[in-house]
Structures are given as structure tokens and as C-alpha cells.
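Below sits a lone chain in C-alpha cells, taken as the form predicted alone.
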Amino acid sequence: MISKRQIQKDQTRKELIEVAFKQFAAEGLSKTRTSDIASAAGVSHGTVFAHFATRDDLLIAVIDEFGKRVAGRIHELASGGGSVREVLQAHLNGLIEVEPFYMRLVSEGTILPSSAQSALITIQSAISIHLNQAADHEIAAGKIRNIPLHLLFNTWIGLIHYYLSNANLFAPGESVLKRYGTELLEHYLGLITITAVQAYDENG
């Protein structure tokens, strides 16, 4: 049986992660201090380190939480045989929910500690696997072009990252993915989809 003290400890940890999520998104990954997070959470500075040995450990926990939020729906689709469109739409929907934090990851990713970079790469790899599984079926069915699977994901994520990196130009003061997500999705699908004319040409 879980003790009341353990339940309270787990709740405090979750609250710290949630507050840190918002602080990192608002102030930046490199500028946010653990003292800022403690103040925003209404706890002592020492409480943060009672749950996370280092600032990097807290950042990794936040990145892990980001991954859970983005990948949750994609996991459901993958297990149910979701199409490429459905997987990409689920990915967009997940990113929109955490867009401010993800923008920080995109813009500051190169200066993250190696442990945090590894956590992010693991998340991106999991999403890539789900996209590749859906793409395998549609390539075999002749619905999308036979593009190397790593290029399928890298082209998609590169498109998303370009718009996020230039959000102040594309959608100042609002969500760039809410504004352009559907357009980006349709553009990407247009690049990889085999049209009826192409199918006819290939089959003679």
C-alpha cells in the first residue's frame, strides 16, 4: 500500500515538472533557473533538489513529459494501423499542445546537455518509427513514393522546424502550427503521394 507521504511526494514531483514545463517554455531552456521554478511552484529551492538531483535531471523529466504528450495519440494510431496522414495529424496535434516548449527545444537544442539531447532523440526516434510503419504499408500499396524512410521523417520534421524557427515571421503572437499546420500537412502529403497519373505512367 502506498503511503500518504509517498503520494504527496509524487504529487509534488508532478507539479514541479508541470511548472518547469511552463517556465522553460516562457523563459527559455538556458535562462530558466531552478530558483525560478521553485518560486513559481511555491516551494523552497531545496525542494526542487529533493526530487531532482540536478537541473539537468529536471530538464530531462520535462522532456520526457513532452514526449508522453506528443507520442501518446501516435502510439494509439500505430497500434491500430493508422495511415500516414493520421500519424502526421496526430503528431501535429500533439505538438500544438506543447508548441511553446517545443519551439525552445528547436531553437536551443544544440546547447542542451548531452543527456537532454539523448532524451529528445529517443522521442523523435519513436515518432519516426510510427511514421515509418505507416509508410511501409502505403509504399507497398503504391499509395506513396518509395522514398528512403529516414528521408520521409527528416523532410517532415525539417518542414515543421523551419516554420517554428521562424514563427515570428509566419505567425507573430500566435500558434504557427495552428495557423499553418493543415497547409504543411497537405503540402508534405502532396510531395510523397503517388497520383493517378504517376501510377499509370509507372505501370505503363
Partner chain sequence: MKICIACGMPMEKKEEFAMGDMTKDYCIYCARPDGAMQSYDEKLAGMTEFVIKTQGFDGKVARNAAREMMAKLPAWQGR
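This structure is a prediction, so every number in the text was calculated from the model and none was measured. Positions refer to the first chain, counted from 1.
The same protein also has a form predicted in complex with the partner chain, omitted here; what follows describes it.
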Q: Would you mind picking out the stretch of 46-54, 172-180, 59-67, 33-41 that comes within 4.5 angstroms of the partner chain in the predicted complex, counting non-hydrogen atoms?
A: 59-67
**Q.** 4.5 Å heavy atom contact, T122 to the partner chain in the predicted complex
**A.** yes
(Q) Is S114 part of the interface with the partner chain in the predicted complex - any heavy atom within 4.5 Å? (A) yes
Q. Is S118 a contact residue for the partner chain in the predicted complex, using a 4.5 Å heavy atom cut-off?
A. yes
Q. Given that the partner is absent here, does L164 sit within 4.5 Å of the partner chain in the predicted complex, heavy atoms only?
A. no
Q) Which listed residue (Q89, S83, N132, S107) meets the criterion of a heavy atom within 4.5 Å of the partner chain in the predicted complex? A) N132
(Q) If you apply a 4.5 angstroms heavy atom cut-off, which residues in 146-166 are near the partner chain in the predicted complex? (A) L149, H150, F153, N154
